[in-house]
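Listed next as C-alpha cells is one chain, alone, in the form predicted on its own.
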C-alpha cells in the first residue's frame, strides 16, 4: 500500500514539474516559435472563407465545420452502420426476444457495495453535467456533440459496472427506448443538414443560411443524443449474458 502511494505521488510530482517547465518556464522554446503560414491562413479565413461561415464565434469550431463538415457527417454515418451491424448480428426473433427477457428477469439484482454505488452516482452526475455543457456550448467553445456523447457513454459503463445491466433495465432503460432516442438524434441531424436546401434553396450542410447559431446548436444536440444512445444501445445488446445466448440461440446449455 505504501509503495503504491509513493509511486502515485512520484508520478504526480513529475507531472507537475514537467507542466511547470513547459508552460511557465518555456524550456522547449515553444512560445518563441512564430505562427506557421497554415495557422495564419486558418485564423484569418476560418470565419468567412469564400463568404461561408458556420456562425461560430471561435476558430476551432469554425475550422471543423467550414472545412470538415462533411467529414463529421460521414463519421456519424459510419457510426450508424456500426450500430446497425451490431444489432443485425445480435438480432433475435420475437419469440427468442421474449424468452431472453424472461430469463433475464430471473437474474438477481447484482450490484456493488454501498460505497462504490454512492461514489458512482456522484461521478456520473459530474460526467453528465460536463458532457451536457460540452454539447450545449459546442458552437461557442472547442468540443461538440460527438465528444460529449463519448463522455456520456463512459457514465453508462460506470452505471453498468456498479448497478448491473438488469437493474438499469428494470428502471426503464431498455433497448427499445435507447433505439428510439438514437433515432431522434439522427432525425435532428438530418433535419438540420437538409433544412438549408428546403427552406432557403441552398446546399446540404450550408448551415450558415440558418438564423444565427441555430445550425451548429442543432447539430451538437443531435450528435450528443445520437452518440450517447448509440453507444448505450450497443452496450445493452452486448450485455446479455453468454449463457442466455447459448440457451436461446444454440441450445448448448444442459
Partner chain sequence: MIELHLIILAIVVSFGFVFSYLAMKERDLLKALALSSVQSTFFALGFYILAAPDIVLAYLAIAVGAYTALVILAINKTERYEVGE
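Numbering follows the first chain given and starts at 1. Since we're looking at a predicted model, the values are computed, not measured. Take the two forms, superpose them, and find the largest set of C-alpha atoms that agree within 1.5 Å; that set is the rigid core.
From this point on, the text means the form predicted together with its partner chain, which you will not see here.
- For the options 164, 120, 150, 174, the one in contact with its partner chain in the predicted complex, meaning a heavy atom within 4.5 Å, is 150.
- Contact with its partner chain, judged by heavy atoms within 4.5 Å in the predicted complex, is confined among 195-203, 213-221, 181-189, 56-64 to 56-64.
- Its partner chain is not shown here, but in the predicted complex it comes within 4.5 Å of a heavy atom of residue 134.
- Taking the partner from elsewhere, residue 157 is found to have a heavy atom lying within 4.5 Å of its partner chain in the predicted complex.
- Under a 4.5 angstroms non-hydrogen atom cutoff, its partner chain in the predicted complex lacks residue 21 among its neighbouring residues.
- A displacement of 2 angstroms or greater separates the C-alpha positions of residue 65 between the shown form and the other one, with the rigid core held in common.
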